[in-house]
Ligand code: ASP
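Just the one chain here, the form predicted on its own, laid out as structure tokens.
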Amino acid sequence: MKVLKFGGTSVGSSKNINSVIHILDNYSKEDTVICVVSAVGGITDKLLLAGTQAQNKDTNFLNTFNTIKEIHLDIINELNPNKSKDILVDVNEQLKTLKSLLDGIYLINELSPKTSDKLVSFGESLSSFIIAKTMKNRGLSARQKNSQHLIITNSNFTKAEVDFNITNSNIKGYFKSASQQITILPGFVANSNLGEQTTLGRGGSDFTAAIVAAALNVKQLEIWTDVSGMFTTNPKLVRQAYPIEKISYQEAMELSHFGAKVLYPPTVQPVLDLNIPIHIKNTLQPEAVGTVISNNASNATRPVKGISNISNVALLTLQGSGMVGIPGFSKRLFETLSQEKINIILITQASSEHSICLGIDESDSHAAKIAIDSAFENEIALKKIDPIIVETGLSIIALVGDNMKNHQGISGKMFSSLGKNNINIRAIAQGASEKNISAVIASNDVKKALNTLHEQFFETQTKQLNVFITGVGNVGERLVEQIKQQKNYLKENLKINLRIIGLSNSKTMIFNDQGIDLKTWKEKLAEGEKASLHGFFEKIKALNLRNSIFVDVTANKDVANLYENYLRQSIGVVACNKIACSNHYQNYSLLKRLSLKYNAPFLFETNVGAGLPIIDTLNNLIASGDKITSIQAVLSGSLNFVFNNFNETTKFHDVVKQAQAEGYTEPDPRIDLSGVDVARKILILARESGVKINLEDIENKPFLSEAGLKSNTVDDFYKTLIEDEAHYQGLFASAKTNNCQLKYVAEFDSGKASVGLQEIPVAHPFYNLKGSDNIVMFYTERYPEQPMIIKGAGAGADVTASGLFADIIRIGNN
């Protein structure tokens, strides 16, 4: 069973009604259909106008009545050119009754709420009857059922409250035995429990459809109108506005409350409790996707779902020093407006309690001022508060989105973008739920404001980076956590949407082309498929996502050998693995060329100084026309940590173990202590300086014992450290005697490079280097005597991860 509702514009002409009939005919071939219809477009307003004219003894009510009559008769004749006679008989009877009612209003000079409900009910009654009879004339199994026999309310005329127990029972009972394939119901109308005609208030036809859908617990309620769903903002004011495919109930209610005309908020309530989706469709474009409103709305990448506005707003400001700290002012203010039946649209109050601002409909502003000034007459006379201040010519604009609370800086972006466009904000309101951020502005700024905000939140191009990380051990895990922490910041501030699509360790790998959930990645990786370096590459290649970046957080030679494959597929490479860039010069040069040829970034800042911008600074010097003459550096954070913590009271073995445990050394500490790691680093700097040099060209002056150098395994190596403790104590004693510090220094000068342990005297810049810090001194043609110095933490999981992260961001910014 399907429930559809068609609004006034959908049944506003014979052409549109034919579209409605075609849609219902198609639906009825698969299921029974219940169709709720509004009055013909504009008829409800004309009925109210006729009633007001009659009440005011204005005989023009007869002209208005004749217009109503002609509209319906024309539609009947156009829909039923050869079979209109039987329809016209019944319609003319209804019109005769309507005319009598208007005559009565004219005679007694009164239009009560009860009579008003009876008057406006003719609109839906006529439209539903005409549509049902037309469908029957065309051979369809259709019947009109008067909603007044099903929906029972109290006697609160013009906005009656539904008795759901009786109503639900009536609806279930009727449709359990109904035999027709299509049932046409008039929307908006109902009967009181005393048998009097009532209406459900503004948006009543939507409400009728929701009541029926909830009573029958259908799978979906469809509301057909003249637009293709709920738009990101008013398409009449913003040409770039587009339909929102999925939205939550709460977001839909917020947008509807703040001006979106497609849906009236109370409509949502009957289906909300039962989680029945509402699908908004376009009668004139039935193939359009429309908008689905449900509890399962997809969390889009944009935190803001829509931008809405309310026009003709007046801002009331009650202020005065006598309000501060005195309870009861707000209560009296709200009660005063409630007694006048004035609806409050927006409320804001400063923490100082010096003022309260209220947004109301501009048409109520005069009555509101009189009532409030009267209620606070004594306080105004005593100068405790000022007379109420009323500002008109205002509108409210609102950002709406369930997910705004998870994104920092939404309100800042909103107000900043408005300010840059010279749009003054008169008042601001934001609830703790952060589903809505509202601002009061001048009405003549609305179009500019909507376009500004739509451009800011829906049109700004955000660069999406799709990241694949292999090696999620100590450093890799920190990188993932840093990305998780900064994900929203990157979106909001750098316009980078960074998604981790693939992760791999030595055992398993996982992929998700929509982005891996970084809250549960460890659990998912543990259950992933078997890891394969080639398989990882093939999967990235197959996904073929734009702005793909492969991040190597290993020290694996086989991984480094795959860089060429990635670059040839225009997949960027970010590496802390030094093997590729310290391999044969020919291989290094090839990777650089492939990076340029395939427009695939190849960044390896962490190869030298973890998170320090050493390579970036070097490249900037060369790019600006400078030339490197020599480099002096302490490039091993691990060795610096070791020699800063080693002395006559400690054992060299214990310090090295500590360095490894804290993540300062490679998994195999021999790489660091043998000087190979430092040699690779100075080699990379020399190559980036423009020198063709290989690792074997670098002079390595080892400080390890002969046994340590010849050890075959890590365990054997640690044994030699214990056995050769005297050797290392001798190195320390020599330095101490000469009042020096031990530092492992890398040097590059005149095309030659060397690495080795040196005794650094007190006056040297390296002498006071603490902890795991690195230092690099660039001597250039512009810095011939006083070098450019870069100094800071050069080892550790967090800083290495931050260096990798910085390279990823560099790619995003380019």
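Treat the numbers as computed from the prediction; the structure is a model and nothing was measured. Residue indices: 1-based, along the sequence shown.
Unshown form predicted together with the ligand; subsequent notes refer to it.
Within 2.4 Å of any backbone or C-beta atom of the shown chain, none of the atoms of the ligand lands once it is superimposed from its position in the model of the complex; the pocket counts as open. In the model of the complex, the ligand lies farther than 4.5 Å from every heavy atom of Val755. At a distance threshold of 4.5 angstroms between non-hydrogen atoms, Gln53 is out of contact with the ligand in the model of the complex.
Residue contact with the ligand in the model of the complex: Ile68 places no heavy atom within 4.5 Å of it. Using a 4.5 angstroms limit between non-hydrogen atoms, Glu124 touches the ligand in the model of the complex. Screening 198-206, 617-625, 720-728, 676-684 for residues having heavy atoms within 4.5 Å of the ligand in the model of the complex returns a single hit, 198-206. Proximity to the ligand in the model of the complex, defined as a heavy atom within 4.5 Å, singles out one entry of Cys35, Val776, Ala39, Ala746, which is Ala39. Shown without its partner, this chain lists Phe188, Tyr664, Phe550, Phe643 as candidates; in the model of the complex, only Phe188 has a non-hydrogen atom within 4.5 angstroms of the ligand. Of all the residues from 491-514, none has a non-hydrogen atom no more than 4.5 Å from the ligand in the model of the complex.
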